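Below you'll find only one chain, the form predicted alone, shown as structure tokens.
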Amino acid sequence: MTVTLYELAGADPALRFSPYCWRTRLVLAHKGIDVEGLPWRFTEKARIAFSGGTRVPVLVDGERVVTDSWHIAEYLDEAYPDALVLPRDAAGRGHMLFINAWADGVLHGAIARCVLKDIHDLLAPEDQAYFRESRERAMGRSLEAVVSDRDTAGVTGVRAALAPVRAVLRRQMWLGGEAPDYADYLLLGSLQWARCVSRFALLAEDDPVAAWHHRGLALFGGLLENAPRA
């Protein structure tokens, strides 16, 4: 049975850019599960009302409906345990939760300072109005003002936020050690968000994070590398 995944899309339905949806895509690929991706947009909340939520990803597996990328990863490990992505023990799971929270709370804010206006520009008009109003209210300034210093303070902030990742990757190939695990997938999802919506370079080419990113882009037959971009 094919799993269905509702994914955030731009005006072009092929352009999928949610970091959380990309995390789920990578977990599904890791497990070799076929997926049918359905484009969803910010102003289409009624389409996913059946999930009990208002955001994607929404995964439908038979009669089971799961929301939130972390909960989806947990569900997929339970339902398809042959290729686990999350640690089984409580300590390992807690460490992974910390990485998840760091990416959501620290890295995404830094990336947003560089790409928010680019996201706006790839949306359909009705989504542009929603996106601008909601993001400008949250940020307390215009989208243009948010990204005005992305060439200086903005990109510096992203690279500084990645310092702990860089330290690990100087010692090993993947955050998961010899092979990628959910830590790699959640961070690759974050960078794929920026890669799909913008051509602005977040990483210096001599950065160990950039070398790791190139390896990640090649995973699963180039799943990330071959995705449509703005």
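Note that residue numbering follows the sequence shown and begins at 1. Treat the numbers as computed from the prediction; the structure is a model and nothing was measured.
Keep in mind that the form predicted in complex with another copy of the chain is missing from the display, and what follows is about it.
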item: Partner contact for R171 in the predicted complex: another copy of the chain, 4.5 angstroms, heavy atom; value: yes
item: Proximity of P81 to another copy of the chain in the predicted complex, heavy atoms at 4.5 Å; value: no
item: is_contact(M96, another copy of the chain) in the predicted complex, heavy atom dist at most 4.5 Å; value: yes
item: Contact label in the predicted complex: E74 to another copy of the chain, heavy atom within 4.5 Å; value: yes
item: Answer range among 52 to 60, 176 to 184, 192 to 200, 27 to 35 for contact with another copy of the chain, defined in the predicted complex as heavy atoms within 4.5 Å; value: 176 to 184
item: Full three-residue contact with another copy of the chain in the predicted complex, heavy atom 4.5 Å, for A153, P208 and A210; value: no
item: Residues within 4.5 Å of another copy of the chain in the predicted complex, restricted to 76 to 91 and counted by heavy atom; value: A90, A91
